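To begin, one chain is listed below as C-alpha cells, in the form predicted alone.
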C-alpha cells in the first residue's frame, strides 16, 4: 500500500463517520434548527467523498447547490414558520413507527445485498482531466443570461421570505399612519426578540 492510498483510506473513513454521525443527528435531534445545520454537515461530507472520487465539479455543485441553496432555503422555511408547539402524543403512533422501521430495514437490506453482490474492483485507468473549465466556459458564454436570471430569482425569493416573516408585526391601522411610516416595517417587539 502506498502512502497516497493510506491517506485516501483514512480520509474516506473520517468522512464516512462524519456523514453517518451527521445523518443520525438530523434524524434524532428534536430541535429542527440543529437538524438543518447537521444536514449541511451531511452535504459537506458527501462533497468530500466526491473529491476522493475525482469528481471535482460534482463536489463543487454539491456545496454550491445543496449547502448554499437548499440548506439555506430549509433554514429560511424554519424561520418563516417559527411556531413553537409541544409534541402531542398521537393515537396509534406505534403503527407509524413500526411501518417506518419496516421500510428502513428493507432499504438497509436492499443496499446491503447490492453492496455484497457488486464486484468492487480497483480501476487502473488514469482519471480524466478536470471538467470544471469547459463547464465554466459554457456558464459564462452560452448560458450567462439564464445563470444570472436564476441568481436574481433566488435573491428575490430570499427578500420575499424575509418580508413575509415580518408581516405579523405590521400595525393593524395602516390608514391612521402617515405615508412615510407605512413604507417602513416596524421593529420586532422586545419581548419577542429575546425568545
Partner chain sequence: MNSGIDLQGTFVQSLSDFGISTELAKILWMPFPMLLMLIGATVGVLVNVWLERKISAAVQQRIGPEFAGPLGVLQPVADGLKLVFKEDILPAKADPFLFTMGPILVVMPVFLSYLIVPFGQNLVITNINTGIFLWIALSSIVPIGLLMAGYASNNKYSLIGGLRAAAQSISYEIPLALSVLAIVLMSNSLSTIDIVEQQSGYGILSWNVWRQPIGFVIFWISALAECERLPFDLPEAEEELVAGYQTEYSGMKFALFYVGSYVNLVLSALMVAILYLGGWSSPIPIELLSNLAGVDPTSSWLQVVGASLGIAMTILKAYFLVFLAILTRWTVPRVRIDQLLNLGWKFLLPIALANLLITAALKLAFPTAFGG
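We call the rigid core the largest set of C-alpha positions that still match within 1.5 Å between the two forms. Nothing here was measured: the structure is a model prediction, and the numbers come from that model. Residue numbers count along the first chain shown, from 1.
From this point on, the text means the form predicted in complex with its partner chain, which you will not see here.
Among heavy atoms of residue 68, some come within 4.5 Å of its partner chain in the model of the complex.
Its partner chain is not drawn, but in the model of the complex it has no heavy atom within 4.5 Å of residue 50. Taking the partner from elsewhere, residue 104 is found to have every heavy atom lying beyond 4.5 Å of its partner chain in the model of the complex. With a 4.5 Å cutoff on heavy atoms, residue 141 does not count as touching its partner chain in the model of the complex; it lies far away. With the partner omitted from this view, the residue of 28, 162, 132, 149 that lies near its partner chain in the model of the complex is 132 [heavy atom within 4.5 Å]. For the candidate set 153, 136, 33, 145, a heavy atom within 4.5 Å of its partner chain in the model of the complex is found for exactly one residue, namely 33. The Cα position of residue 158 differs by 2 Å or more between this form and the one not shown after fitting on the rigid core. Relative to this conformation, a decrease of 3 Å or more in the Cα-Cα distance between residue 134 and residue 53 is found in the model of the complex.
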